[in-house]
Ligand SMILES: Nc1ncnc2c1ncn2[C@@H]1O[C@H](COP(=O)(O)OP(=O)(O)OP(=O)(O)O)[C@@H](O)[C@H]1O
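Below, in structure tokens: the form predicted alone, a single chain.
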Amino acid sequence: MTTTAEVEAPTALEATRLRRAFGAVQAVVDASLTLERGTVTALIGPNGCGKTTLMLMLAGLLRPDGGEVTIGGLDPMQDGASARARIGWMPDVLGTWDSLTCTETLVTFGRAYGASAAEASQTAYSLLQRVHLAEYAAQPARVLSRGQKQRLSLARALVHDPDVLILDEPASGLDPRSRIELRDLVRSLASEGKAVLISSHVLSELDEMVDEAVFMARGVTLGESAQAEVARAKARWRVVALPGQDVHEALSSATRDWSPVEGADSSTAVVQVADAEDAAALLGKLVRKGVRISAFGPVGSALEQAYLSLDQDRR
């Protein structure tokens, strides 16, 4: 039954000023984030910064020492079962019974969430197809590769059709094709209205998958400073012309803010753009000036650049 709080909640998940210590170790000092429905949010930070502890608190599996979490308007500490039923949690290790088949694993969890035997079996069949494990339906989990176990773990997180998905390193152990399929699946889940929080160290892939990013360092979410770094990274585009072309002179005459690329000649430069529209206008201007452009696009991963800049600032 849907509660008034769930209907009226403007966001899928909201966390404010969370903190958690383990003895003398302060794992999460001050973490806040918001997950909007229909979006994918990256949680980014170095090992030991508190990401997993934060995700466990968001999933209702670890009680915060302070701060608040609401899931669809519900507090997982007060409305435990109802709130956690809206969360799908995928840890970085499958952690299931290796003797159970893939189907038995999903049926077991489906039944634990209150589905009938028939409903749980139908859901298991559908999810195994969705994560490309249908051929292993009757195989025990112990025969699966690391990447296949990751896909089974994702299916397990979806058995109760949650509104919020929290994924801890879901791409770990996946081959390139499986990573592409994961990206497509995550975007598909968001298009269905789910809010997805995904932690990963493969930042270049997150660029193509996420709508927002939350950076953590030393147990603290970094907020506006991190967003400013991402915006600056997205504004840096590389311009490469054919050999002999002078991009430096063309950008200067167009009064653009640009810089040379170390080790490259005047046919290559990095230029600042306001947005994609500005980039398109600049490209048109360069072509009209007779500059023969061979490559034009963002300088690498914006999330990766922002992460490296923030990490350097905190050394």
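Note that this is a predicted model, so its numbers are computed, not measured. Numbering starts at 1 and runs along the sequence shown.
Keep in mind that the form predicted in complex with the ligand is missing from the display, and what follows is about it.
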query: Listed range touching the ligand, judged in the predicted bound form by heavy atoms within 4.5 Å, from 285 to 293, 270 to 278, 64 to 72, 39 to 47; finding: 39 to 47
query: Contact flag, residue 201 vs the ligand in the predicted bound form, heavy atom cut 4.5 Å; finding: yes
query: Exercise: residue 52 in contact with the ligand in the predicted bound form, heavy atom 4.5 Å; finding: yes
query: Partner proximity in the predicted bound form: residue 33 to the ligand, non-hydrogen atom cutoff 4.5 Å; finding: no
query: Partner contact for residue 27 in the predicted bound form: the ligand, 4.5 angstroms, heavy atom; finding: yes
